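What follows is a single chain, given as structure tokens, in the form predicted alone.
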């Protein structure tokens, strides 16, 4: 893998966002709106409930910030691919001396940069508006973010593979795939809330163990070793499978000439 090629591909996307105000505003607009809506809902529930419930409601803000890490990571991979599709640049990239893994590594790096930007923004806004400190999770915040980012990369590779296989008609999957997973990811509620027949599906997702671990840290202050081990092992499996699917679909697209339709649509 040539790191200079990866750096050049990442730099292209950095220029795209820093030199286009509309794209930059869009990057921070939706996370901010989501935090404001959920944050004010949290305040309302805290003021109008009693017992232990007001304390439990704070899980919503923490879950939202962590979920955004997964979503932005997935978007970094999928949208990076779509940017080349929209600019009619995809064929130029793949006829250039760019290996598939270099292209994929650059897309993952873009996802990481998106997480840094939106994560810092949400942390500041949550602290200012709702007195919620995401850093109260302590050291566990690092493996939480790392695992959610890795699973986001997996979903991004799957989204990109679907678009490669079925064309621009499948573009909506770049946004839909994370939300197809969300009901089973235990983001805003524990896995035990789900029907028993759905719980194995939830536990097969790395992100569900992270959100369960987050609630454990916030409620008991205990470092969730078991949850992190499960999340890490599952992420390794998902990363390998997602990369194999992505690379196989890309080979099929090249062999059948499917990439040419992105230049003509």
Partner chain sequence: MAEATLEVSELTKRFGDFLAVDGLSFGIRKGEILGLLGVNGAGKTTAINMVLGLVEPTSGSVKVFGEDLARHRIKILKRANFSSSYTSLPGNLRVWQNMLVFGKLYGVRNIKEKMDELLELFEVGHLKKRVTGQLSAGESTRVNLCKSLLNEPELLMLDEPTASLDPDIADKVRKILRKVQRDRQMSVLYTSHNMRDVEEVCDRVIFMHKGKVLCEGTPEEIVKSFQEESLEHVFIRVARSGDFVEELGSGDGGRTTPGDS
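Positions refer to the first chain, counted from 1. Model, not experiment: these values are computed from the prediction.
Another form exists, predicted together with the partner chain; not displayed. Remarks below refer to it.
**Q** Each of 60, 215 and 229 having a non-hydrogen atom within 4.5 Å of the partner chain in the predicted bound form: is that the case here?
**A** Result no, not one residue of the spot touches the partner chain.
**Q** Among the candidate stretches 112 to 120, 186 to 194, 95 to 103, 149 to 157, which one is within 4.5 Å of the partner chain in the predicted bound form when only heavy atoms are counted?
**A** Among the listed stretches, the partner-contacting one is 95 to 103.
**Q** Determine whether any heavy atom of residue 22 comes within 4.5 Å of a heavy atom of the partner chain in the predicted bound form, and answer yes or no.
**A** Contact with the partner chain, no.
**Q** Contact with the partner chain in the predicted bound form for residue 16, defined as at least one heavy atom pair within 4.5 Å: yes or no?
**A** Residue 16: contacts the partner chain in the predicted bound form.
**Q** When the contact criterion is heavy atoms within 4.5 Å, does residue 87 count as touching the partner chain in the predicted bound form?
**A** Flag for residue 87 set to yes.
**Q** Looking in the predicted bound form, any heavy atom of residue 141 within 4.5 Å of the partner chain?
**A** No, residue 141 stays farther than 4.5 Å from the partner chain in the predicted bound form.
**Q** Though the partner is not shown here, which residues of 1 to 15 have a heavy atom within 4.5 Å of the partner chain in the predicted bound form?
**A** 4, 5, 7, 8, 9, 11, 12, 15, in sequence order.
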